[in-house]
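A single chain comes next, written as structure tokens; it is the form predicted alone.
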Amino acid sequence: MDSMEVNKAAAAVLVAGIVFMVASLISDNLVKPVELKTSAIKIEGVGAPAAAPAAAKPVALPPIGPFLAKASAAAGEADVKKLCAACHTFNEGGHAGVGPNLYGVVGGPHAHMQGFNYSDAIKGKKGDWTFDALNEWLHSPSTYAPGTRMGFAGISSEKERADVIAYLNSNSAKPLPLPK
């Protein structure tokens, strides 16, 4: 390659750079962005940095009893395999995964599995896992126990929650009687 070809290549690179710079200067002068004083789209909780975020209002759940009376443990088992099995085990004496083993959880204390590192939110819950407590937990873990490490959004369907609770109840050496 002779020096004339090298000069042509260098000139092409320099001209391209100059054209890019001039185009940038022209476009900056033609288009002037305007800062909006108010947002064009209202998104609740955004745009008012001085305001404190609104506290989530607890949702009043319908009683789980009527749904449990019609619940299917078999459907609950299918739901559990789909929603929970990635993090939990369900066999008697099973090991903890990301979450604790859930064998015999219904009627047991909130932090029921010995040796599992529960969050302070769960350790602070008093009482046992009743049908109603499980209903609230499965609906929205972060509302039931703010600060929980469980990253599950919850189950919105009452029927599906009742099926899961029926399965968890049946998955025990001493299942509790379901409401009539």
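Keep in mind it's a predicted model, so treat the numbers as computed, not measured. Residue numbers run from 1 along the displayed sequence.
Another form exists, predicted in complex with a small molecule; not displayed. Remarks below refer to it.
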Can any non-hydrogen atom of Gly115 be found within 4.5 angstroms of the small molecule in the predicted bound form?
no
If we define contact as a non-hydrogen atom of the residue within 4.5 angstroms of the partner, is Leu134 a contact of the small molecule in the predicted bound form?
yes
Within a 4.5 Å heavy atom cut-off, is Ala69 in contact with the small molecule in the predicted bound form?
no
Indicate whether the small molecule has at least one heavy atom within 4.5 Å of a heavy atom of Ile64 in the predicted bound form.
no
